[in-house]
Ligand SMILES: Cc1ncc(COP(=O)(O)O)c(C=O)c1O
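The chain that follows stands alone, in the form predicted on its own, written as structure tokens.
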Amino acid sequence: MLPFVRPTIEDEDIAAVEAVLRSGWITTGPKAAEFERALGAYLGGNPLVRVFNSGTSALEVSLRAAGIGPGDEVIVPAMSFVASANVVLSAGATPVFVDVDLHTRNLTAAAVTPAISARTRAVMPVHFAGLAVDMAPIEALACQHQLRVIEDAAHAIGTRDHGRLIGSSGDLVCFSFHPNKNITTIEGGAVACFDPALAQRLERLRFFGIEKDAEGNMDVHAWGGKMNLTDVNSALGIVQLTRLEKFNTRRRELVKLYFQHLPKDPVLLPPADDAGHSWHMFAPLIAFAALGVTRYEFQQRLQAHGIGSGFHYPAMHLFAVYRKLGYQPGDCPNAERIGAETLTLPLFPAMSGADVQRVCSALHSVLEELSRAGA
């Protein structure tokens, strides 16, 4: 059975974690600080990097550090993992959903503009599946309206926007290192920013709001959570980061094979490609309704050929919690189509070219089976 994702864990990863476990210091300490420095060096542009226990925590703390809370609105693409909107609710603000481009699955400045209101405080571009949002027009719009830009780069470590690494510039840029991401710390995340005062707020918020003076005396002036990343996780991240470019290069090679061997069928819409894409996921759209099957039935047919698949993601504005805000079907038609037709295919660095051909062959077979059944 070929799964749709598998983390790449090698002997050096295991050795790094073992060394921390044997050191006697396993929670946040020197390895977490080393991982922050390594991430900053990789991103370039001298960002201040702070690591967190998840990408979700990184997003939530970024919103709070930016002063966003009750009464505020944050513009969010309707196509992303639900964490992108949930953190807005957690901060006490209101997510305002806008549609995405059908091919890139990304937010555009043209979609953001009409959603800006007197209550808008931030916009959250999501670099979907590792494809960079075109940031320049969004940044210009944010500057014009004095908005914060909080980039959800959970999919985008190693992604480039017009040659520039995501996280090498910007306002607040948030990454995830979940096991299905391009590098993993098991669970973990990070924020890159360029304002020392903002970085200090991120530090306080991730650990109980604690502030200490030079003598170690402690005070707490505001709320803070427990969102620190341990040295065990950080040690894994340090080693994984040294292989990130290798991982991403292999992902691009595999995707090139996908584009060569995918069935040329009108029911299948491939994802958009770009030179800076880090290819966190490969998720074409398939018109299941036109084939007369549900997505689940299609997945079961692929599974019978030994191919695993996933589903990333439903359109967020149609979840019950957000329908309570007044959203309904038809509000974001591209996101709704993507949510209804996405099928995530296997993509991870340990795959071979033969694996890609096997996936594409299975797709050919399932499409032929359904064509014959509908004839």
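In this text, residue numbers run from 1 along the sequence as written. The structure presented is a predicted model; accordingly, all values stated were derived computationally and were not measured.
Another form, the form predicted in complex with this ligand, is not on view; read the next lines as being about it.
Residues placing heavy atoms within 4.5 Å of this ligand in the predicted complex fall in a single listed stretch, namely 77 to 85, out of 248 to 256, 270 to 278, 77 to 85, 191 to 199. A residue is said to contact a partner when one of its heavy atoms sits within 4.5 Å of a partner heavy atom; residue 176 meets this definition for this ligand in the predicted complex. Within 4.5 Å of some heavy atom of this ligand in the predicted complex lies at least one heavy atom of residue 126. This ligand in the predicted complex comes within 4.5 Å of a heavy atom belonging to residue 59.
The closest non-hydrogen atom of residue 54 lies within 4.5 Å of this ligand in the predicted complex.
In terms of contact with this ligand in the predicted complex, the residue from 107, 154, 150, 235 that brings a heavy atom within 4.5 Å is 154.
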